[in-house]
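Here's a solo chain for you in structure tokens, the form predicted on its own.
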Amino acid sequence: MSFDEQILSDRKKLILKAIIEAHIKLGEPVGSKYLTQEMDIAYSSATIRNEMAELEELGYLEKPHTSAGRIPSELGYRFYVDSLVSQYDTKTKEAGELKKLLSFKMSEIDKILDNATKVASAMTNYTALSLRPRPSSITIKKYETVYIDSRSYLIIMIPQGVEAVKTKRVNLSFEITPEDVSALSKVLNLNLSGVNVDGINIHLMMSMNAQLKELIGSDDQIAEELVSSTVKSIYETMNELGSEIKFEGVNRLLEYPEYKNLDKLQKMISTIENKEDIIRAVSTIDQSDDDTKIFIGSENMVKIMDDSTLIYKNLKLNGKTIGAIGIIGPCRMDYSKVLSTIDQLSEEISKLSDLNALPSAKNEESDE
């Protein structure tokens, strides 16, 4: 049991859950009268108001302006998805539609992901995204490093076959010198130039540790941490370069009052169209992680999404990650339905044939 669950009584949990679900439905502040009349909460209005005031003091609810009602805070939504959300009861029609939309002949992984994205957006009425796995052919042909200060440096990466130069700032918990950073550049070009992500392994990193230690004359820990921090940044960059992201149902944002501010809506759509910030954010998620990730409000790495929720899950086929699917919507999204839809999509995709059994476009041409 979490600390939050110990603090909240069963009555507070019941009222918090009812307020969140009413707010998801209405999009307006929820008062005690609505809870007693429409949500069948068997407590007096006075009791409910007292509990709501305490939930507000604890940070789970907020009181907008002078309204008598309350709305959930980010903390309230987080507690809801972690502890209170109910399993969505998929209707027979919805389940049949999901299976039908995924049942056509799939000759390429892209088709699986494209179709899953369309299904996710249609069934949830939110914006959906899919991320393709990175090609293992992505490589960096040249590395440069720039000393910034005693605890940070810049990595400049020139990709093979990609026009844009990529840079990453690395911040450290220990001090370094300009000579350390210069030596790091030599080690990177000697070992990682032209190497794809599959070629970066523990043996290569141990060799780089030894080379860097010899060049800078430092202890093992500094060399190891410099190499580790740098390789992590390089890995993330390759992931970003190789990833392709597609969106479905962007126009659905217009249906929610949270996006009625035209300036914010334009910035949100611009972020989606440019893709890079969202790719960077989701590319940091471990591809081997099977758990559904939920980023609420300020938990999102993309600032413009600070009043939105991103729900994201890696998709696997016969144990192999083939990409990922996500849903973007307001913080008051229908979590139960979204989580259920993503889980069902994941389950249906996992039932498909082995990746090796899926005919490629090349094989289909050769069969004709």
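Numbers follow the displayed sequence, beginning with 1. These numbers were taken from a predicted model, which means no experiment stands behind them.
What comes next is about the form predicted in complex with the DNA, which does not appear here.
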{"query": "Proximity of K63 to the DNA in the model of the complex, heavy atoms at 4.5 Å", "finding": "yes"}
{"query": "In the model of the complex, T309 touching the DNA (heavy atom, 4.5 Å)", "finding": "no"}
{"query": "4.5 Å heavy atom contact, R11 and the DNA in the model of the complex", "finding": "yes"}
{"query": "4.5 Å heavy atom contact, T321 and the DNA in the model of the complex", "finding": "no"}
{"query": "Option from 312-320, 325-333, 338-346, 30-38 whose residues, in the model of the complex, bring a heavy atom within 4.5 Å of the DNA", "finding": "30-38"}
{"query": "Sequence-ordered residues of 25-50 touching the DNA in the model of the complex, heavy atom within 4.5 Å", "finding": "V30, G31, S32, Y43, S44, A46, T47, R49, N50"}
